[in-house]
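Below, in structure tokens: the form predicted on its own, a single chain.
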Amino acid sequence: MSVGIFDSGLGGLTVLKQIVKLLPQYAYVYFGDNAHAPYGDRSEDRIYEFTKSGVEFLFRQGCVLVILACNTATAVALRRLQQEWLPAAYPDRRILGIILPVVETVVTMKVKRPKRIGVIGSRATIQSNVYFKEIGKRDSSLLPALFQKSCPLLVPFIEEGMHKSIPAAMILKHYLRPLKQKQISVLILGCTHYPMMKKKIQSVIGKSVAVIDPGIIVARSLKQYLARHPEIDSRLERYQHADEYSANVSFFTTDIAEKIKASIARFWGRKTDVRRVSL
């Protein structure tokens, strides 16, 4: 049995990379629904159906646990999948998202300046208000100092390998300007693509702002989850001498164009075999 990582495209590879770095002993299956990406401008029903199909594919590959490494899928589809579909279809499997670990980290973290939180993400993630809702459940006093900004043009630049270009830098500055004006002290990268631009984001937003990389947090959260749930952990395959470079990882996508292959290599950090599937 394996751990599955689902994303609408390539951004989830930044999460997978951090998970494999921390927990190389497990087997992993990555599935990117590149044929339907990006999800950010899709309807909620379409996002739900695409996400359910992707998760079901991973279950059929032998994944006992699937992580939605996509803020949009997590915000729109996770709760419905957990409450309506999973108990009836796969009661012995689990689906986790990436938003709650980030929220819990931000709510409890200490910062030198007053905690003023910025969130950047896709239109669907921002419009869902999921960060407002989840942060509010844990500490409503933070809500007056929580500010969001959708950044729809960043993902295309990142996936085209143009995230280090001058136009990408100009657009990033445009997106981050209102958050800088709010004098935020914490910035949540509410899209798994954005860690590819983390250095530039840190440079633009300022060194004093804590930039939250979801991949690092999700990896730590998964380790804690497996420690709390031995009934899941015991079902996972283990490889005693694996490291982040020799870990057992399989890659699938719904679009295998040469551009996708090149992008996967860029996100993952090295070339790898990728298989195409149809849903």
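Because the structure is a prediction, the values reported are computed rather than measured. Each residue number is its position in the shown sequence, starting from 1.
Below: the form predicted together with a small molecule, not depicted.
The small molecule in the predicted bound form comes within 4.5 Å of no heavy atom belonging to I188. Within 4.5 Å of any heavy atom of the small molecule in the predicted bound form lies no heavy atom of L81. Proximity of Y39 to the small molecule in the predicted bound form: non-hydrogen atoms within 4.5 Å are present. Shown alone here, I95 lies farther than 4.5 Å from the small molecule in the predicted bound form, counting heavy atoms only.
Among V102, M197, L176, V155, the residue placing a heavy atom within 4.5 Å of the small molecule in the predicted bound form is V155. The stretch from 69-77, 202-210, 177-185, 106-114 that comes within 4.5 Å of the small molecule in the predicted bound form, counting heavy atoms only, is 69-77.
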